[in-house]
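Just the one chain here, laid out as structure tokens, in the form predicted alone.
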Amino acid sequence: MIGISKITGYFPQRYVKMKDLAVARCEDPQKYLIGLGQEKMAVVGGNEDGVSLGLNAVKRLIKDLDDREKSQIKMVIWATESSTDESKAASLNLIDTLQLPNNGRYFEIKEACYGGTAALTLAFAQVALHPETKIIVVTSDIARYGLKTKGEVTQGAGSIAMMVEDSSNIVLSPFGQSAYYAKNIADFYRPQGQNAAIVQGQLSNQSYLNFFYQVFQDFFKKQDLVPEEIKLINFHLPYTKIGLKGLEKVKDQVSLSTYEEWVKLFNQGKALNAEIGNIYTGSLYLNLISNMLQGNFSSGDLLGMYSYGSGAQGEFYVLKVQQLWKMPEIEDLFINRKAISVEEYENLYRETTSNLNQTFNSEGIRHGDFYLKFIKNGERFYEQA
């Protein structure tokens, strides 16, 4: 059976409380806590980037693989919109740091927050052609909009890593035909040379919801399946409240009991997204993990997946739960987090520079995790704390 055999993630140790950020920005805390549905925001320092976050996620993903199993990894697809290099793929860093095979394909894929789903779809198709191989899909991003901007409260950072293969140990398998919709719009973009995104919030929110309505309807026209057979819907969540707006958008497409059940499960399952914030390409899969940890689904359940990437591309597809899995690494990451002040957060935000030569220490990095040690002539070097 082809599907996802393992899934895990990594998040920075530091975070800022949204209540504290609201007070510092002279806003009513309820605007962030209730209006957006966010409680905390993961914060990186200058010694962390999209590559280091992804390295740590993949380290956890492959920790139990022996040499033979590692040799079966023939492709690593890195989905990101936080690339550190305009040419070199971030996935190539895995070869030396984690001793992955040289005889494989390593590359990056981009389409805003949709990139992770594009990578996963490609991985499923590639394993169908070469069932003896394993493929790693990495989603890794740092969401940046700038200090004191309107988008600041929808920042975050983290990475999700997945193993795709043909195996009897599959936990999630693709089910049915995807539905997708694309349109050329400028709701969100990050021009070359800028490390913070430019966003038209109202346009982006409306596009997100309109695309969801479109692909949701298209999906159920393609197969002999009705919405009531879906246990719950996982969403890409730049902020958690937008998932509820998405469910409301399709309320007239399902029975009232199904809609109410979806809302109940969504409110339970948004927990990790509310704790971490927006992680762009990995946001949808963070919501999936969160629902799993909340016990919101069982073996045999069908899970709706809504992926949206500004610019814009949307897709709705379904995963079937083959078996449940354990994720002690994810839970440990939440136990070991540290709250910082708004002033500390602002100072860390400013540490991220475009300097071609710079050195960092391991402050704020968990023992044994990778961090950005130094940059020499633009080349980045990573080390374990």
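Residue indices: 1-based, along the sequence shown. Note that the structure is a prediction, hence the values are computed from the model and not measured.
Keep in mind that the form predicted together with a small molecule is missing from the display, and what follows is about it.
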{"query": "Partner-contacting position among 178, 71, 268, 205 - heavy atom within 4.5 Å of the small molecule in the model of the complex", "finding": "205"}
{"query": "Answer option from 130, 105, 251, 241, heavy atom within 4.5 Å of the small molecule in the model of the complex", "finding": "241"}
{"query": "Heavy atom of residue 101 within 4.5 Å of the small molecule in the model of the complex", "finding": "no"}
{"query": "Contact test in the model of the complex: residue 235 vs the small molecule, heavy atoms, 4.5 Å", "finding": "no"}
{"query": "In the model of the complex, residue 199 touching the small molecule (heavy atom, 4.5 Å)", "finding": "yes"}
{"query": "4.5 Å heavy atom contact, residue 30 to the small molecule in the model of the complex", "finding": "yes"}
{"query": "Heavy atom contact within 4.5 Å of the small molecule in the model of the complex, the stretch among 91-99, 111-119, 287-295, 160-168", "finding": "111-119"}
{"query": "The small molecule in the model of the complex reached by all of 11, 50 and 82, non-hydrogen atom within 4.5 Å", "finding": "no"}
